[in-house]
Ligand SMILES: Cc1cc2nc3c(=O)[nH]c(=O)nc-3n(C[C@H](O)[C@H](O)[C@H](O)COP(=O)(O)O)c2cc1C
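As structure tokens, one chain now follows by itself in the form predicted on its own.
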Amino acid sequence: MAKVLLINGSLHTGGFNQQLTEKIAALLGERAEVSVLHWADVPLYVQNQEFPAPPPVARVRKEVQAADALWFVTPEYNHQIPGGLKNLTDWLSRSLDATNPRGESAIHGKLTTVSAAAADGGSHVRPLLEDLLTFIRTQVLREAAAGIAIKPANWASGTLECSEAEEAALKQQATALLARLAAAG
């Protein structure tokens, strides 16, 4: 069974992107082995601390390497990738070989996909994150990416609600990811 690692770009407990991460896990259901990456303890990236990697970095790298696919779920902060998530991708993209700065990284070659819960569905952040993931040598599933627009009522209640179209887009994204994994088989 394919292993899908969900990476929530927000550390907000109970926030909209955590709710979206939980919704995605439920959508994947029993069709994949699903886990969520816990990365709050990953330090700021500093090049001269790369080798040996700090224990939290070594742990997240191991979890990423064990996954067949990574599903990024992100908020949009000022039309950008959240700083913490960018920091995490910096650590994940670094070569694992101290003698070869262009060597393989923990994330190298991984199948990735992106969803967002943001005021406008993440229309700015999703392409930025997809471009970053392409640059750091992942296989980005661009053809099916869902954005969930946070409605005014959601802000008031703290509860993420998806329209029928948004729900359908999430289902399509899950199906496309699983199909790509099956084809790579």
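Quantities reported herein were computed from a predicted structural model and do not represent experimental measurements. Note that residue numbering follows the sequence shown and begins at 1.
One more form of this protein, predicted in complex with the ligand, exists but is not displayed; see below.
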query: Proximity to the ligand in the predicted complex, single hit among Ala145, Val57, Leu37, Ile150 (heavy atom within 4.5 Å); finding: Ile150
query: Within 4.5 Å of the ligand in the predicted complex, all of Phe51, Asp90 and Ser105 (non-hydrogen atom); finding: no
query: Candidate stretches 58-66, 130-138, 38-46, 114-122 - the one whose heavy atoms come within 4.5 Å of the ligand in the predicted complex; finding: 114-122
query: Close approach of Gln173 to the ligand in the predicted complex, 4.5 Å, heavy atom; finding: no
query: Proximity of Thr99 to the ligand in the predicted complex, heavy atoms at 4.5 Å; finding: no
query: Lys86 within 4.5 Å of the ligand in the predicted complex, heavy atoms; finding: no
query: Contacts with the ligand in the predicted complex - residues in 59-86 whose heavy atoms fall within 4.5 Å; finding: Pro75, Glu76, Tyr77, Asn78, His79
